[in-house]
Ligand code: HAM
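Before any questions on how it binds or moves, here is one chain, the form predicted alone, in structure tokens.
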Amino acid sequence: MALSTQPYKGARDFYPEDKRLQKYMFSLMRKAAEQFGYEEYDAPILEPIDMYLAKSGEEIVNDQTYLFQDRGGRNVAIRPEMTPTVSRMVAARRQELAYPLRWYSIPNLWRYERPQRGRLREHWQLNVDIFGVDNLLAEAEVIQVADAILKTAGATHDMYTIRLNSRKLMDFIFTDYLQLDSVQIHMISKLIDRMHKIEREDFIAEADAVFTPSQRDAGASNKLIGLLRTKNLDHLPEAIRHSGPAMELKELLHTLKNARITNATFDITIMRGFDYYTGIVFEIFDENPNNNRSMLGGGRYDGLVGLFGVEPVPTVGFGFGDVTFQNFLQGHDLLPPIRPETDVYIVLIGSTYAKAQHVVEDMREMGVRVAVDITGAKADKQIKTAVKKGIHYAMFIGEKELEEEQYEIKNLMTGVSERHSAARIASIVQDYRGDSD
């Protein structure tokens, strides 16, 4: 039986054209992060399973993590997320690092879940984290980084919405306003986190079941449903509106507005699925009606570094997956033509390979990316190969060209040919390339 040519379910093969698109997206991510002073790091793709059991959440570990035992009998996981890893790295050098610490990475991640639009088993994800800042300026900065990525890609604020909430605010609502116990809080939190994925009637029924009969009689269930309809901080009940967490959210929205981020809004239903979030949480939603979903999310997680036996470090960060980013760019027609890496395809006429080498090397030394056809095929077939590869220019080298040191260069997009020196051809190619590299 022949082996299948398909990749593993939920993963992708990256042919050169696919890799070019990925490289383009990563370049936008890196550019924005580094504009804010963030430094790139990386780490192993395998981690001890205990690290995820500590804080990632039951669903991530039990249902979505690739687990196995290595040959030394150790229980390990293919990383489903990067936050525990970066926390481990910071803890390892807790006393040596200079704070505030600004780090980013674009790791390969794996989760065992049902593949669907915007969500695969294998993906790459930008992670941006700031360590050592215990005030709202950290939240404001990482949100600015996320906003900058989208603006660098050509997006405008009407294309996406930044939705904010606070775990502290929700804890206040659950504990002080609704009088729930810890078990009920956990159940309600998980339910709200998936409320947009289930029918409204089912959500109300499941929420109602969490409350005791006396709580239902006191109107707790109706209070919760009413709160979840609230779209503005000023419309919350007075006891909640004047709480510290609500005032903190209002301050953050004001700070973002001063930073010219006008599409940030309060959304009480934003919970984030991970157990480690401790304060402000946020998600950015695509406003394209064909892809109206969360693209990225993050928040404050002050306690994770402390799990590794050192003093905790206040931390804020977010993750942005490559699949949702690509869907956003395609949905808003923001993808530019992405050129092949090769600038010039050398078409050899006759047996000129050896003699042409000095010209080819001169071109490369002048910064031109050159591929030489070494098949010995006829010129027209070599040109067809260059066209199929999407290469912009073909350069012809034969005995006459070498003797006169004048070479034909053909624009394969327009069909126009000219004769120039190698130096002039290099200049033409560099002018075409511009600042794209």
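Just so it is clear, the model here is predicted, and its values are computed rather than measured. Don't overthink the numbering: it's just position in the shown sequence, from 1.
There is another form of this protein, the form predicted in complex with ligand HAM, and it is not shown here; the text below is about that form.
Residue 119 is the only one of 254, 241, 119, 364 with a heavy atom lying within 4.5 Å of ligand HAM in the predicted bound form. Only one of 328, 104, 277, 211 lies close to ligand HAM in the predicted bound form, with a heavy atom inside 4.5 Å, and it is 277. The stretch from 306 to 314, 345 to 353, 179 to 187, 81 to 89 that comes within 4.5 Å of ligand HAM in the predicted bound form, counting heavy atoms only, is 81 to 89.
When ligand HAM is considered in the predicted bound form, residue 263 lies well away from it, no heavy atom lying within 4.5 Å. Although the partner is absent here, residue 339 is not a contact residue: none of its heavy atoms lies within 4.5 angstroms of ligand HAM in the predicted bound form. The closest heavy atom approach of residue 113 to ligand HAM in the predicted bound form falls within 4.5 Å. Shown alone here, residue 245 lies farther than 4.5 Å from ligand HAM in the predicted bound form, counting heavy atoms only. In the predicted bound form, no residue of 248 to 265 lies within 4.5 Å of ligand HAM by any heavy atom.
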